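This document opens with one chain alone, in structure tokens, the form predicted on its own.
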């Protein structure tokens, strides 16, 4: 089956001789799949999306939508944005303030070159799409009377109403308050799946990426570091940057003692030895950083492997959870314990277990914390 979106060796430089903003990126999005590009500001994710949209002109590589090449600088191919059969939803709502909700959503049907049929057909399509996004009762209201979340639903409906081959979403929830962002995030995935829409979504929010994406691509400095389902990104990060950016804030420094298959034994100095999974070809003597998430540390437990004695340095009670800073052989880690009671006192000794399957060892190149 032809991929809805295929990106091959994509490169974008904003000036001759400049460092590429997008550097040799390759991935595909099968029809009906939602792929999320995740990364910090300046990583190249939005530039990649804008190249797909035709709003930026790549300096190398090839972009195909629905099997049709829409950009290939080497052959002089550059299809205009309006000819690419895409929809776009932006950070700003980008609705027409002088129109009603219905008029906003109907606009692309009335002005697309291939037409949309009779007025009755347009009305039916608009009603169906407004029903989908939960705005049918607001059809005749001025769009300026809506809340921010409702205006973003109008923008989504306007992009969905003509059923494009590909929907591009550039941080569409970032301007909403926290509670509304969470609610609309969950509804957005439901809506896209109900329509069978293929989506390319850009965000810097890890929780958004995990909820929305069938696959997540983590980017840094213009490069795509890893593209995988959320569970794999979260539990088997390809390198220390992916681990850190997706929430593995702890890093223990040590020296590799031995490696067998995908498991490494690492000397942490005064703390002792630790067993960790590694995707990298580490060898005895290499300096390594062991990454792990605060929520995976077992405080007050001594397991069969990776069991240590620690000391609570600081405690931060947060109601539904408590965050502890724990010293481990001269190094410090953060531990998150769920529950409404804080069980461990500052300056107290505590047993601690770091489950081997949740510890990931990488070559220490100084990039674990960004």
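Numbering follows the first chain given and starts at 1. From a predicted model like this one, the values you see are computed outputs, not experimental measurements.
The same protein also has a form predicted in complex with a small molecule, omitted here; what follows describes it.
Residue in contact with the small molecule in the predicted complex (any heavy atom within 4.5 Å), chosen from 322, 47, 64, 306: 47. For residue 52, no non-hydrogen atom is located within 4.5 Å of the small molecule in the predicted complex, even though that partner is not displayed.
Remark: residue 43 counts among the residues lining the small molecule in the predicted complex, judged by a heavy atom distance of 4.5 Å or less. Under a 4.5 angstroms non-hydrogen atom cutoff, the small molecule in the predicted complex lacks residue 350 among its neighbouring residues. The small molecule is not shown here, and in the predicted complex it never comes within 4.5 Å of any heavy atom of residue 239. Only one segment in the set 329-337, 33-41, 312-320, 64-72 has any non-hydrogen atom within 4.5 angstroms of the small molecule in the predicted complex, and it is 33-41.
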